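Just one chain follows, in the form predicted on its own, and it is written as structure tokens.
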């Protein structure tokens, strides 16, 4: 009885504090729907990408190993015969010399775009008006541009009429010789794509913190020093991207020369030649091989450019 009383009188130790309650796991259904929702939004874009991009590329690669004429339901496997013919016929690659005109035009285009983007990034009068003027040509359809400049450069056309007002000699076939024709076409390319590079550079310049310009002005830095030490380092990634786009575009020019000259007078580019092989000479297999070669050349040039000028994190602050 005494032992029982002592056990009853013994103090009871306090209970351990209860830890935080764990939230009940979400039901399986809502968790699954949250995981599937992003993929549902990607179904349509991925389907379009596969249908209109990767599937045609796969078919093009497959056709490059055949002698298909583009019409007949029958085709035979020729192995690497089309690629051998491409690599052994030097005249098929001579058209890349025409790309030199567009490469030079790309340099002029980038320089002009960078100049206008730098000037219009500062507070100048009518800057919004000039921004619209520079970007507007990029919004026009390429076919319309081709027809407009076809009349512009024709004999007795707009250019001859304007030059005649100043007493200049207008007896010149602007699209009649390889040099003048390619120079004229490259100039049209500069006019059309200047706005794209301008917008890229302008966006990159405007993303630079304004405090840097204020500090530079307090230190007495001129506009040139601001460009050299603030703008140029800040837009280096965009400048590298613009160079890649310009070089790849110069190698695959098609729209403007095809509409204005059809590849005549020494203006035929590699893409125009490929189109003629497929639809004029019915050599779709050879044309597919040429397209694959062009794709590999563009990828190789892009890789070399990325190796020479790698992406670097720019920290101006």
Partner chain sequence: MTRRTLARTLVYLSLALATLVVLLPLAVVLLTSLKSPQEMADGSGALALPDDPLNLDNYVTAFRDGEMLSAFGNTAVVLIAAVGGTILIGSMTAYAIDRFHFRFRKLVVAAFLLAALVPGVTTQVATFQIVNSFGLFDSLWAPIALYMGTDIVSIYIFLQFIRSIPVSLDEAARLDGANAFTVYRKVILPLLKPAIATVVIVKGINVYNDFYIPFLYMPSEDLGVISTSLFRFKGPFGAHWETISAGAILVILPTLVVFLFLQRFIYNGFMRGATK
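These figures come from a predicted structure and were not determined experimentally. Residue numbers count along the first chain shown, from 1. For clarity, a rigid core is taken as the largest C-alpha set superposing within 1.5 Å between two forms.
Not pictured, yet referred to below: the form predicted together with its partner chain.
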{"query": "Which of 189-197, 84-92, 174-182, 208-216 lines the interface with its partner chain in the predicted complex (heavy atom within 4.5 Å)", "finding": "189-197"}
{"query": "Partner proximity in the predicted complex: residue 229 to its partner chain, non-hydrogen atom cutoff 4.5 Å", "finding": "no"}
{"query": "4.5 Å heavy atom contact, residue 100 and its partner chain in the predicted complex", "finding": "no"}
{"query": "Contact flag, residue 66 vs its partner chain in the predicted complex, heavy atom cut 4.5 Å", "finding": "no"}
{"query": "4.5 Å heavy atom contact, residue 138 to its partner chain in the predicted complex", "finding": "yes"}
{"query": "Contacts with its partner chain in the predicted complex, stretch 109-144 (heavy atom within 4.5 Å)", "finding": "115, 116, 119, 120, 123, 124, 125, 128, 129, 130, 131, 132, 133, 134, 135, 136, 137, 138, 139, 140, 141, 142, 143, 144"}
{"query": "Displaced residue check between the shown form and the other one: residue 75, CA, 2 Å or over, core reference", "finding": "yes"}
{"query": "C-alpha of residue 286 off by 2 Å or more between the shown form and the other one on rigid core", "finding": "yes"}
{"query": "Residue 275 C-alpha relocation of at least 2 Å between the shown form and the other one, rigid core basis", "finding": "no"}
